[in-house]
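Next up: just one chain, as structure tokens, the form predicted on its own.
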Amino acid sequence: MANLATTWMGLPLRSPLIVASSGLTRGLEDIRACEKAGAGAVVLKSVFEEQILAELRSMGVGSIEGPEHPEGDDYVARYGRRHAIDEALETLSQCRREVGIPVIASIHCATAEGWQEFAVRAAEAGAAGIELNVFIPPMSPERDGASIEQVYFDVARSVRQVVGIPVSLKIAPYFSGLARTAVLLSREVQGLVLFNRFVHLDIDLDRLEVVTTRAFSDPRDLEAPLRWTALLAGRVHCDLAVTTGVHDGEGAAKALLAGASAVQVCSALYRHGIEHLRTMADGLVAFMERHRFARVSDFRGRLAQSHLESPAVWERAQFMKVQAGIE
């Protein structure tokens, strides 16, 4: 039987299949179900910075007019933040006692402020690692790329200063120089997760409204993270994980061949249920047995660009070749 054991950020995993941060990982019973279905690790549902700040504003904190008593406002802000993260910390404490796979805390960050406290408390509560889910859509014409990129570095450094557990960054692909930025970020953390993604939008012509579409990914979405994993593997200074578009064992095998240490799964589990993890694991095992790979390390990164005789296969040159053949 093929052995699916691997490591992610130095954490030993029984399988490279990680359940991504989502409603599927909200509480102890959800995480137990993931463990029973064969997950190698679980990323706890994110604590959202924007949600916390919105709740604080609804209480009059940070209003444009400003409070009459700033010291009281500061107290309410601290209380609101602590209240918002208590549920996540309680789940981590329960998991430390009752779950046998790594449980990773997740923070959805838009700024570099205020997350050291959560990181320290999450580590104390039993988190095996911290995932910093930094997602800053480059939509504002007033904000340049360098200032957006700096937030990623600031968030990573601020958290790494205060915890001794592994830290990963979940990033989007929207950088002017993604390869260089990823290499530099990889010096700050133990793992990079590729990629976060925007919600897809459309326009309803009957209601004249902007609507969201494609809440879930599909296997075609694997193309971008697969390409960049293959380009970065062997060049970054940390582990890589693929997310978005991994829906079956074949998708997981492709990500590992490209150089990923693990894959994060979400949409496929919403569509098919947590038990789909077993089907994915069976598909990955079938691939390994077909090629006589005994361990994940036997093939991980075999098709990364740095290992290919013709590295241009992952670059624009291949795009030009393909397009030249289409009439």
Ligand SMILES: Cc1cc2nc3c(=O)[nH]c(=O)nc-3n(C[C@H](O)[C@H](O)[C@H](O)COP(=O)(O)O)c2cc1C
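Computed from a predicted model, the values in this text were never measured in an experiment. Numbering starts at 1 and follows the sequence shown.
The discussion below concerns the form predicted in complex with the ligand, not included here.
K.L.:
Name the stretch: of 120-128, 95-103, 199-207, 240-248, exactly one has residues whose heavy atoms fall within 4.5 Å of the ligand in the predicted bound form.
P.N.:
Of the options, only 240-248 has residues within 4.5 Å of the partner.
K.L.:
Do Lys254 and the ligand share at least one heavy atom pair within 4.5 Å in the predicted bound form?
P.N.:
No, Lys254 stays farther than 4.5 Å from the ligand in the predicted bound form.
K.L.:
At 4.5 Å between heavy atoms, is Ser261 in contact with the ligand in the predicted bound form?
P.N.:
Residue-level check for Ser261: no, no contact with the ligand.
K.L.:
Within a 4.5 Å heavy atom cut-off, is His108 in contact with the ligand in the predicted bound form?
P.N.:
The answer is yes: His108 has a heavy atom within 4.5 Å of the ligand.
K.L.:
Looking at the partner-bound form in the predicted bound form, is Lys45 within 4.5 Å of the ligand by any heavy atom?
P.N.:
Contact with the ligand, yes.
K.L.:
Within 1-40, which residues come within 4.5 Å of the ligand in the predicted bound form, counting heavy atoms only?
P.N.:
Ala20, Ser21, Ser22, Gly23, in sequence order.
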